[in-house]
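Only one chain comes next, encoded as structure tokens, the form predicted alone.
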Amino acid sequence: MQEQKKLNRRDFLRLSGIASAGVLAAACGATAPAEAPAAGGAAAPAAAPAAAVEAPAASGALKEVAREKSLILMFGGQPGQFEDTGLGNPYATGATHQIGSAALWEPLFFYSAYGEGEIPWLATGYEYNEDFTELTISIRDGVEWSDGTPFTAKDVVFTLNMLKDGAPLLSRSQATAAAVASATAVDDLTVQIVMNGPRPRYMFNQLMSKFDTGIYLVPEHIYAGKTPDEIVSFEYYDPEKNWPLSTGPYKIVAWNTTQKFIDRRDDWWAVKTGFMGELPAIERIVIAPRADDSIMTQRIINNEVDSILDLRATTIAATVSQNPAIITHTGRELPYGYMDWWPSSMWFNHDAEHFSDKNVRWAISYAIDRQQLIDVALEGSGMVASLPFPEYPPLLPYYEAAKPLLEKYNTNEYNLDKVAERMTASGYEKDADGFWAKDGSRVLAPFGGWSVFNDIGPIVAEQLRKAGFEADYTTPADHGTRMSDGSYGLWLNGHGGTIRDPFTTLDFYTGKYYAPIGEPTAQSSRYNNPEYDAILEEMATTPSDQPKYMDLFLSALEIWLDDLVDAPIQQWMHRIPMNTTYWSDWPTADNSYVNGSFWHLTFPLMLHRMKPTQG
């Protein structure tokens, strides 16, 4: 096929007739935006003299903390307003750890895909028996809850049993209920878990905080006696009682719908026991709700906040250019970010009309020019994905093994001739308007996405229309519901799964997640293939270091590729601006100890490393 001339973003949108600010804007709210930063604009003014961060008017008891000792972040909620205020219980309906509360929750182990791998924390070690049906965990001595009560194996056992008994009502409970037959405290420092069959990944998948996954450990002396219904309605926020309790070195001291104050507590167990040599340098964390991107970028340019939600490719370069103190994971150069664990695809509803046909799914894939998306929509700040896994070092052997399959099933190929070949093979013809149809039924291909896809979404829609699919891109407020209940035929979404072996993501497509259209499901492809399920069931009980595991992976992958369960598009990049005016040792490519998503459960690893820039 003739090589396409590369276009810049403005020319592409102008020629395609879709240069609409309403369509292309990133997530925003009703607040009137400030003027967006212009590329190459003047540098931001020098930082104002450090001043105390203003505490909420109703919180006169709060101590003053100087600006240079405070970490100020903008994230979460709706523009200008939090929606989870007062939900200190991580298992309460509507609660989230993402808005600063991750600073409180410590796991048995952290895991960093960017740094040290497994990091023992509340536990010192773990061991499986020979057939991976039992797991023994050693708890660190001297750990305390923030009220001084010892944290012991009994708290871990209580949490696991609470999740087993509370499935599926409690968040993150189903995996524990499926995997754990029993959990007992052998003594205060030893947990014994008996599995429902071999579970070689349970420790990693559920009991380690990595990126944004892991269970929350809770104090038995607070939660004991509560039913699952009572737990999901238990708010657990009361500053007078120091609720919520935590093992981490921070506590929530003030919280309303527009700001959240989290202060360091100096009686943290880790310093008292010598596990950590010193308290974190950050004395106060202040969280403000997200706003329009232009407002957030102006505030970080003005040194008013230290970090914000990751930005789109079209915004991050302009933001960095206006303040020399602002860096990203890759400093001040492309791609201004790191490869996240969320590679994004065009997902298909395998029960929906037309999209149940693999020829139609392959035709949709052939219609997407992924390199054009990178060049035009992302201004070169991106990376094409050929599989639904991030290309992290532990996964590279699987990518290498998959090369022959990817030559046979090229998920990145842009080929309009093959679009026509696949569609005609399934009996489709183009109607009078140039759109594919069969038996009078046109392939309607409107697709939705989160607002973070507003850069590529309109261009994907234009590419699909060019290939003969009646496509439009939308970002409805109920996007998540539409994915879950099967309202969509296709949609853009990522994969928060595989990190070091491919099982977790491949398992998303097994029949246990199948539900008829109209019924919600956690994994929404509605793919149902017994042959595939049987392979994944064997993979689930096979350690990844056994030779047959690679064979099982390739067998499952060939089924997945032949059916094209979804169409990989891009490796997701987190382009997070980080202001070094007040704080240094942010996680970067040159200082790669963890990813820089402060809304993830690995946030504490950042808090323990960051140091003041001044003084």
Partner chain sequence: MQRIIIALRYIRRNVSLAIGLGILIFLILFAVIGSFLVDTKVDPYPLAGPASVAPTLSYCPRTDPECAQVEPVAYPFGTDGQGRDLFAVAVVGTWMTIRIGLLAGMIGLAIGTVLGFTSAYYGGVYDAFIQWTVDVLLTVPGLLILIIIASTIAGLENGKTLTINQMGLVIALLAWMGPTRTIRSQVLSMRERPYVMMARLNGMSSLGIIFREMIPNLLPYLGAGLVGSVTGAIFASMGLAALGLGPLREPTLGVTIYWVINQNAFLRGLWWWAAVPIVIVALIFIMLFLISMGLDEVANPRVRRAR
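Numbering follows the first chain given and starts at 1. Everything quoted here is computed from the prediction, not taken from an experiment.
This next part talks about the form predicted in complex with the partner chain, which is not shown.
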Wondering, does residue 487 line up within 4.5 Å of the partner chain in the predicted bound form on heavy atoms? yes
Would residue 509 sit within 4.5 Å of the partner chain in the predicted bound form, counting heavy atoms only? no
Quick one: is residue 344 in contact with the partner chain in the predicted bound form, heavy atoms, 4.5 Å cut-off? no
Just checking whether residue 269 would be counted as a contact of the partner chain in the predicted bound form - the rule being heavy atoms within 4.5 angstroms. no
Does the partner chain, in the predicted bound form, lie within 4.5 angstroms of each residue among 298, 459 and 470, using heavy atoms as the measure? yes
Tell me the stretch among 147 to 155, 382 to 390, 424 to 432, 446 to 454 that has any heavy atom within 4.5 angstroms of the partner chain in the predicted bound form. 446 to 454
Of the options 334, 189, 279, 318, which one has a non-hydrogen atom that comes within 4.5 Å of the partner chain in the predicted bound form? 318
Could you tell me which one of 323, 525, 246, 463 places a heavy atom within 4.5 Å of the partner chain in the predicted bound form? 463
Which residues from 274 to 297 come close to the partner chain in the predicted bound form, meaning a heavy atom within 4.5 Å? 292, 293, 294, 297
